[in-house]
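Listed next as structure tokens is one chain, alone, in the form predicted on its own.
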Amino acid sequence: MIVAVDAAGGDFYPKNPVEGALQAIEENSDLTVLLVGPEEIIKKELANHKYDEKRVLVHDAPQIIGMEESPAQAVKTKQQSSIVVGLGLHKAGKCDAFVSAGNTGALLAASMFILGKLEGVLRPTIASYYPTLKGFRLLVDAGANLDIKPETASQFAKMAQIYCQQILHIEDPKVGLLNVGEEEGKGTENLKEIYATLKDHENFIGNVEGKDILPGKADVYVCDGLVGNIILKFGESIPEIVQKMIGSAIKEMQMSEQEVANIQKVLHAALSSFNYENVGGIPFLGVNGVSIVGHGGSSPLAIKNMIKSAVQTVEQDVNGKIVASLN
């Protein structure tokens, strides 16, 4: 299997993408990585490491799409960027998947334009991992579609369920519709219509509220991209804020070094489920290929786990199962 890696993506390129790619091939003897980006900087970084040269390939893509650039404009004007070239290689069958910690909007736009949609898919979506007391679950849509129609929401639920089954190993994923109350008649007219569409959906448990997410009442939380992205960004802020609050309390209480060390151990263990590094990246479901995006600050461990997720998505034929579920 060959996975292309955006070596010019994220806040710490090429160091972290290269190191993560090398960790991935050490862990998987059947894997080859294709590093896509400015050849000179990639080879300069590779010179700092010992690796199997037969399983680490480099493809030159001299342009770089910055994290703050307009996605549509960047994809249109930077045809030699690592994102556009990498996805082009995937489309041409030169690799089995593409992963990037770069500009999310640009990767989504390029994935839709270059790879296209799977047969039967109305709109691709971003399905994000979200931590709960039961482990990571999926939030869909997480920002790709600010408005969703009932039939689109139904497809999102089906695609996310398949991903949960194949990648998160949840046997019968439960689907909940994020709403302002649990009763069937709650929410906007659009939410009521979505509810009616999902009502006969397999494993649909009805409306769920914001308070139900962290306890893990459902396995797939369906919402529009506006709500989903707000929830996602809020969740990302929790660990840092909790640590700051506890840090302030420790200073006020003048705790001993040993007490502080014990609290830090407990805090680290308790918040480990919020650590994005453990899952690496999130998939674009519904595109005709495997395209996975990671956090801009992705560490080598996160990059390695992004590649691992890509491999699993290909091996489990997630896209084939999605197409079958929609027909």
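All residue numbers are counted from 1 along the displayed sequence. Note that the structure is predicted; figures quoted are calculated from it, not measured.
Note that the form predicted in complex with a further copy of the same chain isn't included here; everything after this is about it.
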Answer key, a further copy of the same chain contact in the predicted complex at 4.5 Å (heavy atoms) among 126, 213, 114, 97: the residue is 213
The one option of 179, 104, 155, 161 with any heavy atom within 4.5 Å of a further copy of the same chain in the predicted complex is 179
Is there any non-hydrogen atom of residue 203 lying within 4.5 Å of a further copy of the same chain in the predicted complex? no
Margin query: Is it the case that residue 265, even though its partner is missing from this view, gets within 4.5 Å of a further copy of the same chain in the predicted complex, heavy atoms only?
Written below: yes
| request: Spell out, yes or no, whether the shortest heavy atom distance between residue 259 and a further copy of the same chain in the predicted complex is within 4.5 Å. | output: yes
Quiz item: Looking in the predicted complex, any heavy atom of residue 147 within 4.5 Å of a further copy of the same chain?
Solution: yes
Given 165 to 173, 106 to 114, 82 to 90, 250 to 258, the stretch touching a further copy of the same chain in the predicted complex at heavy atoms within 4.5 Å is 250 to 258
Every residue in 30, 63 and 122 with a non-hydrogen atom within 4.5 Å of a further copy of the same chain in the predicted complex?
no
Looking in the predicted complex, the residues of 228 to 263 with a heavy atom no more than 4.5 Å from a further copy of the same chain, listed in order, are 229, 230, 231, 233, 234, 237, 238, 241, 242, 244, 245, 246, 249, 250, 253, 255, 259, 262, 263
